[in-house]
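Coming up is one lone chain in structure tokens, specifically the form predicted on its own.
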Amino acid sequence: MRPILMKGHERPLTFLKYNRDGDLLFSCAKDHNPTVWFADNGERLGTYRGHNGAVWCCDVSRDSSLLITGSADQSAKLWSVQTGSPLFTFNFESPTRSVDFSVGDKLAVITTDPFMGSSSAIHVKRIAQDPNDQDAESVLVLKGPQGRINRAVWGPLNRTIISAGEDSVIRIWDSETGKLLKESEKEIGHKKAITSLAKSIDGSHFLTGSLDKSAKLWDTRTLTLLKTYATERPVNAVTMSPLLDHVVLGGGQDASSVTTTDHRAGKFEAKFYDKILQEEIGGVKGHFGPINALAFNPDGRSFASGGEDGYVRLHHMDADYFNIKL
């Protein structure tokens, strides 16, 4: 499996997202410029210029017409995917960490970091059909969790919002009333900050990765813990194959301790696990530095990883991969 190396960012990668058709890949990095690539050959299509800070997260609408990005410059922006022009900017009083379009793209959930005495918050914004009608008002603002919320995504039918972050608790909120419906239990939940959260293709379960060197699989409606995948390093990024029962974890030690260790000891590879048996089935090496972002193509035939080294690596699976027998 020969990866395609995509060099378009000057700084570490933070997030990767495929569009629904799987032909475009969007990458976010600390260099202010989200970039879009062709997902089959890694050709760079263009960049979205306008942010003045690290871009932490992005999401693309179902018809691939709108892109939303969240940045450390205290704003979230809506872009035209096709032209690259910014359509609207949501301004906040603290850095924006996570963005997610609802099913149907009529709403977006945006999380903001704790900053200058204000706590972290989850904002729900209405997304107008016509960008000229877009306003900045929040339909709902949720506050509560201590520390940063690293990811917030929509639950089934947009009825709930699932959030997770530095306090290592996963919470499910009612997206209309803002009421807290469920919290993960301390005994079975993560022990350290949750870095990443990925939903399954049908939305019935989701995967969380944490600095406690594990990833956990949860039922979306009941928040029942289904599986735990243990690894020997902090997990920065997680994703699931839409085709096979495979879970991919990426991570590595902190960037601060990278230079002091041999690169082979840092174990900067994407690890594949069997979703059901919880056993490791393989790994894909290549990054020089921790993996910060992972995404599986919706067709299940390729995946992308983004690292602290500023590279996006695009892996098209060999035929053998689809016949792995355990």
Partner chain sequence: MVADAAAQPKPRWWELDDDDGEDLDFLLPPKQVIGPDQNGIKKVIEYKFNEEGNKVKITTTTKVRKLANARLSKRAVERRSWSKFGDAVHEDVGARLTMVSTEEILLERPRAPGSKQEESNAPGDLLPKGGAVLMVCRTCGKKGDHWTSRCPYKDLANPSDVFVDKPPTEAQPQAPGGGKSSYVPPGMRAGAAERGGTDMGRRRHEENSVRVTNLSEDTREPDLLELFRPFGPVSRTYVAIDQKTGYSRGFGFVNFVSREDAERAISKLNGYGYDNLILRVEWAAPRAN
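Positions refer to the first chain, counted from 1. Quick caveat: nothing in here was measured; it's all calculated off a predicted structure.
The form predicted together with the partner chain is left out here; the points below concern that form.
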Scan T177, T83, S204, N91 and let me know which has any heavy atom within 4.5 Å of the partner chain in the model of the complex.
T83
Check for me: heavy atom within 4.5 Å of the partner chain in the model of the complex, for each of K7, T231 and K325, yes or no.
yes
Partner proximity in the model of the complex: G42 to the partner chain, non-hydrogen atom cutoff 4.5 Å
yes
Is V284 close enough to the partner chain in the model of the complex to count, meaning some heavy atom within 4.5 Å?
yes
Taking 4.5 angstroms as the cut-off for heavy atoms, does R313 touch the partner chain in the model of the complex?
yes
Is V36 a contact residue for the partner chain in the model of the complex, using a 4.5 Å heavy atom cut-off?
yes
Determine which one of 74-82, 106-114, 162-170, 142-150 lies within 4.5 Å of the partner chain in the model of the complex, judging by heavy atom distances; exactly one does.
74-82
Can you name the residues of 1-26 that have a heavy atom within 4.5 Å of the partner chain in the model of the complex?
M1, R2, P3, I4, L5, M6, K7, G8, N19, D21, D23, L24
